[in-house]
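Here we start with a single chain on its own, the form predicted alone, put down as structure tokens.
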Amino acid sequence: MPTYNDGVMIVLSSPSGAGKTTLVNLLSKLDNFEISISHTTRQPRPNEIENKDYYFVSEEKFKRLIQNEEFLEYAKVFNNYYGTTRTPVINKLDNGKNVLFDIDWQGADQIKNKKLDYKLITFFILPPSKEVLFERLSNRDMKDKLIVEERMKQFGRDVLHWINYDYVVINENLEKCYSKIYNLIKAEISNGSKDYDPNYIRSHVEKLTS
């Protein structure tokens, strides 16, 4: 049964390449913050570590977990499945740990709809411009122009989901973006005042989608 001492669920979502994974890793260095490790059917990237970045599983095993209703959320993204299993998350929250989720908008919607008795704070991370995003995607481990083009097309669809999040933060400068998220989490947990301008965000989204 959830209590006052329970941890908080913190979701970070973003279009591919906007920096949510880097931000989640930075936040996880804070005391009492832990990353929820997702299962995925995609192949590991060169720098990724099994059971630390993801649990890499076969599609068959993933579908078995779906059938057994093990997932808090799951989605198919770019032909691969990603999902968060329920038990480890609930155990962490019950032990007072704040759990960080590095998931897309589909997963965030599913977690919201589960209506768990734990505080949930959701963030959507945006790039400063489409040009910067294109550059970041091209510099990542994606020398394949077709992959970058597919991600850019997807960006146009993903960005429309910003409206369903508590906060939208622009990742122009990593340090400033991290501080902004950290301060908003702190304010949410302590019911303090929040430095947040929804009108500025709305006009930035209009620029990105025009």
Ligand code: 5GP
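Please read these numbers as outputs of a predicted model, since none were measured by experiment. One rule holds for the numbers: they count along the sequence shown, beginning at 1.
One more form of this protein exists, namely the form predicted in complex with the ligand; it is left out here, but the text below deals with it.
Taking the partner from the other structure, the ligand in the predicted bound form has no heavy atom within 4.5 Å of any heavy atom of Thr122. The shortest heavy atom separation between Leu116 and the ligand in the predicted bound form exceeds 4.5 Å. For Thr84, a non-hydrogen atom is located within 4.5 Å of the ligand in the predicted bound form, even though that partner is not displayed.
By the criterion of a heavy atom within 4.5 Å, Ser38 is counted among the residues contacting the ligand in the predicted bound form. Considering the ligand in the predicted bound form, the lone stretch of 177 to 185, 38 to 46, 161 to 169, 25 to 33 in range is 38 to 46 [heavy atom distance within 4.5 Å].
Relative to the ligand in the predicted bound form, residues Tyr55, Pro88 and Val99 are all farther than 4.5 Å at every heavy atom.
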